[in-house]
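Okay, here we've got a single chain as structure tokens, the form predicted on its own, with questions on binding and movement later.
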């Protein structure tokens, strides 16, 4: 799982440009599923059929990541940009970024800014080392998207990289898909697109699947760093079972089922109340006349930065929990 996570976090795949990460995941899972398809919006849908006595379960993990989209090139060859998803000014200062073709650059800001609190994306640029506009235009076009470029590194069980949000959830889904051999349920593992732009892929794929139950896999914030915003989630204390975020109140039946299976399998877990932010479950649970939905979250520090940190044990236990859920009655 650690090696796969390193590979996935290093693969390009911002919202709306998920082709490379989708191809990688497809090659990883194609021998373990009964059906594999890509829908009109770009969601990768992998189906493992049950014996016909269970439910239709949708497991969603978004494969897109945040990015910076080029809006213009000035006369000196510096790239102006806007955000794809939740990009923080403070997180991108002097960060290395890369484009789909491998072109790399450094994000910085206009030197006249003397108060960092006044800094906005409109006062920032990407420096790809071009000498002028013409040279820059040979490498990058308007509309190209850059993402963080930060290979994964380990410190014991703690792993840091860009795009942990949500390649961690993808790894959990992939590993669970491989480990679930026989289930009563028809399992739809969906690797969704454009979650960072408003849960778009989950909305369209859930409409096409019409599941009986939805389970999203994602990261969540932590409250275990110095002077952190108070939140009862810590790295290394097990996966989080979501109670609420800004997009969903987890269905009591799904939440309680997750807790029950965790206790049965002696899997440590934490209960999560996320004050801001959402996951694919926010779209799934509003599909048609409603879908009971919940979320298994992997705690993550420094979300939406170039170095997001998780604990390997939390990711592994999240997988154990998902497998325990899918292998039994729902």
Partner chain sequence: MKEFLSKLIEEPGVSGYEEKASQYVAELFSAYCDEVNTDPFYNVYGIKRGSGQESAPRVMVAAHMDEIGLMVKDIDDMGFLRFTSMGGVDQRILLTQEVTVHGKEDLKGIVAALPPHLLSAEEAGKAIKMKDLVIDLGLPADRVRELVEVGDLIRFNSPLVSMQGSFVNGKSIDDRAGVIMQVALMKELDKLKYQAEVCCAATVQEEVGTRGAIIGTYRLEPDIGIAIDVTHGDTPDAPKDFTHDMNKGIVIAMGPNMHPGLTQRLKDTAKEYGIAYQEEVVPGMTGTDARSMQISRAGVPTVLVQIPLRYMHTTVETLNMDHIKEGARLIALFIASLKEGWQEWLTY
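Values in this document were obtained by computation on a predicted structure and should not be read as measured data. Positions refer to the first chain, counted from 1.
Separately, the form predicted together with its partner chain exists; it is not shown, and the next lines address it.
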Pick the stretch from 169-177, 156-164, 84-92, 205-213 whose residues have a heavy atom within 4.5 Å of its partner chain in the predicted bound form. 205-213
Only one of 303, 262, 46, 291 gets a heavy atom within 4.5 Å of its partner chain in the predicted bound form. Which one? 291
Among 249, 235, 104, 119, which has at least one heavy atom within 4.5 Å of its partner chain in the predicted bound form? 249
Any chance residue 113 has a heavy atom within 4.5 Å of its partner chain in the predicted bound form? no
Should residue 96 be classed as touching its partner chain in the predicted bound form when contacts are defined as heavy atoms within 4.5 Å? no
Is there a heavy atom of residue 275 no more than 4.5 Å from a heavy atom of its partner chain in the predicted bound form? yes
Does the 4.5 Å heavy atom contact test between residue 137 and its partner chain in the predicted bound form come out positive? no
